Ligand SMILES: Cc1ncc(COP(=O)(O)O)c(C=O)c1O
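This document opens with one chain alone, in structure tokens, the form predicted alone.
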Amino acid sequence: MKECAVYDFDTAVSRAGTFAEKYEARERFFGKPDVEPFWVADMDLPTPAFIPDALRARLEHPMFGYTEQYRDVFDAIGWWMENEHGAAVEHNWISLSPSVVTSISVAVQSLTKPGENVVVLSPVYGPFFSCAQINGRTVSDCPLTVENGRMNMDFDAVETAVQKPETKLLIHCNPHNPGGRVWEPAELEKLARLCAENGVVIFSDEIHCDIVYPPNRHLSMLNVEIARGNCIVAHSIGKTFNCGGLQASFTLIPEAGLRTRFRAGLDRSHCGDINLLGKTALTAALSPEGAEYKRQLNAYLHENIRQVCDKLGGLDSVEIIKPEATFLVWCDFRKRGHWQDVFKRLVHEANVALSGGTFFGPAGEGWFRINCAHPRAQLLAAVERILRVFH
């Protein structure tokens, strides 16, 4: 039996000279080039060695020409979805794409017309709004409610939105970013039923689905029976394996007619493929080695999350939503002053760059998101600075 690697998540690795967005864009977004970044949702934890090993092996060949969508890629995706998520996937359901955001834009362009309506449940990842708006579609925002430190769907608002005849698409985050919510089967079934009854397609962004903490379990929309005829599920190796820069994503669409419409959009935009090294990385990642890495990563991130939430939970007038999934913690600073003043104090007094809540829609104003996928000592030192500033 092959001995499992043991991964070191505590040793900090410099990203200097790699043009990493979360570092290079600090001055542009925060006005301070040396503020410590905990904003962009990639990890400051190294990609597991078996992925760069696979990339190096491929780079030994001196030609990098046009590359087929070969069977190993589809086998890896199918194995991962069944082994890690209990979702049986047929190869012909799979379409490759550079990113989940690319797939969202293609879905908007392919499944709606200018002037038609897209539903989102905010606060949520900003491109859910922008992908609709820049393509000339309207957005119905159904804000989530917060009760007892947990986000919930407002099904009355969702029902009203999907019943509009101009509504054709609902974009859903499963698990939720930024709130870290793992949706329960009954919630997903109710959402899917509302959409099915009103002819609305569900785009289920499941990019965070591998990072889920016990006792919670992710349920893919693929396993919600009533959703199978009108859902698009999107995933990527970007979060789990810190490979966002390799642009290796995919969608899964069980229903043939919907799949045809979506792929026509991929063809119109010439974005129905991923690059050679993305295919190499994806095939290496979605494997038994990748599953063991994920297990160790989740244990480390879970402890990071626990300690951050315990510490920040002691701040007066600041509410912390403890995530059930993702490496992100959503923090309500609304009682500590106007969000722009809080932002300035975080940057200039605590020397910490967090994602501001307005990026996630109007419902996010006054909230901030902390990326906890950092070596623990670095992360906790930053949290201590926040505590000193807002004690």
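This structure is a prediction, so every number in the text was calculated from the model and none was measured. We number the residues from 1 along the sequence you see.
Beyond what is shown, the protein has a form predicted together with the ligand; the following relates to that form.
Stretch 97-105 is the contacting one of 83-91, 161-169, 97-105, 210-218, since its residues have non-hydrogen atoms within 4.5 Å of the ligand in the predicted bound form. In the predicted bound form, Asn230 stays away from the ligand, with no heavy atom inside 4.5 Å.
Remark: Ala41 counts among the residues lining the ligand in the predicted bound form, judged by a heavy atom distance of 4.5 Å or less.
In the predicted bound form, no heavy atom of Cys195 sits within 4.5 Å of the ligand.
The ligand in the predicted bound form is not approached by Ser204, whose heavy atoms all lie more than 4.5 angstroms from it.
Contact annotation: of the candidates Cys173, Leu188, Leu252, Met153, the single residue with a non-hydrogen atom within 4.5 angstroms of the ligand in the predicted bound form is Cys173. Between the options Asn117, Asn304, Ser110, Asn177, the residue in contact with the ligand in the predicted bound form by a heavy atom within 4.5 angstroms is Asn177.
Using a 4.5 Å cut-off on any heavy atom, the residues of 230-269 that reach the ligand in the predicted bound form are, in sequence order, Ser236, Lys239.
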